[in-house]
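Below sits a lone chain in structure tokens, taken as the form predicted on its own.
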């Protein structure tokens, strides 16, 4: 087994939050997906893994990257040339149906003063409940004054193991925004490592999850501050029910020389049952004096006064919980600017 989703700094072993175990092999079969690209986004095709690709760190960590390099998989490369503002999103559909074991590696190069949005749906379209394994790794480089928005919507069967890895770099005044909706699956490993190396670079991450049944979700998100006046904001909002399990690791890492940097992280978890297992590890590391960092978590059931108020308006308690759970997902979905995507999420 290989270790993934490692905390940058270890804590007590008995808490079982330092890392996660994942099988130490990756399928060499590339997953075929459908896509619709705006003409401004250049499709450079599949290429062998180059050293430059390997040097971008990701949330799941180096051990996974090493296994990927030995797998023979190729990287699908995309580029937005300097100065291009792409107003139409790129749509990518990954159908993880049937008994499959596949992987996809993607790299997005957004050049100076360019911007684009990529929307990825990872679903089992036929409602398949067969055992399956899918690895999706997105890496990126956002040039000076550039912007990349990555939207991911996941709705998989209860027998699917999904490894969702991401990481990249932002130059001066560059921005990376990741919006994630996790609506279904069996086991999900999700990570992000955003290297804020540029001055006034920024990273924003908005995650919404709804865990039911025995779904297990393991997450590791790192905002790595190197650039002066860089900013990060990690906001996670989730609902847990039945016997689901979730471990969230969120790290803001201020390095020497990132004077003026700001970072914030917050997780809000609504517990629907007493049989769930929730673990939240917010972490701030600091090697620079002139920075601002905050972290926190709100975990629990609904406030009794709120329940009383809504019941006095004729709403039953189970309906109140359903409404509030849906509201958390809708709040994250509402950040997506593409109307067709929001309509599809509503159908899911």
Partner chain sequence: MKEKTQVEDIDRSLYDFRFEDADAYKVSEGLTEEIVSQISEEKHDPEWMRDFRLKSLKIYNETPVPNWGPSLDGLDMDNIVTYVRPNTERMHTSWEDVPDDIKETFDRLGIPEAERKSLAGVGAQYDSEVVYHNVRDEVAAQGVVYTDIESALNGEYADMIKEHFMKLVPPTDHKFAALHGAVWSGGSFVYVPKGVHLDIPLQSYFRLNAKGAGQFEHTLIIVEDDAYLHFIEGCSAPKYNVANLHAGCVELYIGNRSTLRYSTIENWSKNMYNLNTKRAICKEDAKIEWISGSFGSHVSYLYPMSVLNGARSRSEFTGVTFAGEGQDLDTGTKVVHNAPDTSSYVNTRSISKSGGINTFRSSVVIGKNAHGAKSAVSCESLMVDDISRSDTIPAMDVRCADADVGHEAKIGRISDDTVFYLMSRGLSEEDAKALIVRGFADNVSKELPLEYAVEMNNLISLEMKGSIG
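On a predicted model such as this, the values are computed, not experimentally measured, just so you know. Residue numbers count along the first chain shown, from 1.
Below, we turn to the form predicted in complex with its partner chain, even though it does not appear here.
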| request: Select from the listed residues 85, 256, 125, 74 the one whose heavy atoms reach within 4.5 Å of its partner chain in the predicted bound form. | output: 256
| query | Ok, 145, 278, 149, 237: which has a heavy atom sitting within 4.5 Å of its partner chain in the predicted bound form? | reply | 278
| Can you pick the stretch from 65-73, 39-47, 52-60, 283-291 whose heavy atoms fall within 4.5 Å of its partner chain in the predicted bound form? | 283-291
| Partner contact for residue 10 in the predicted bound form: its partner chain, 4.5 angstroms, heavy atom | yes
| task | Decide whether residue 28 counts as a contact residue for its partner chain in the predicted bound form under a heavy atom distance cut-off of 4.5 Å. | result | no
| said: residue 320 versus its partner chain, in the predicted bound form: is there a non-hydrogen atom within 4.5 Å? | reply: no
| How about residue 90: is it within 4.5 Å of its partner chain in the predicted bound form, going by heavy atoms? | no
| said: Just to make sure I understand: among 289-318, which residues lie within 4.5 Å of its partner chain in the predicted bound form, judging by heavy atoms? | reply: 289, 290, 291, 292, 293, 294, 295, 296, 297, 298, 299, 300, 301
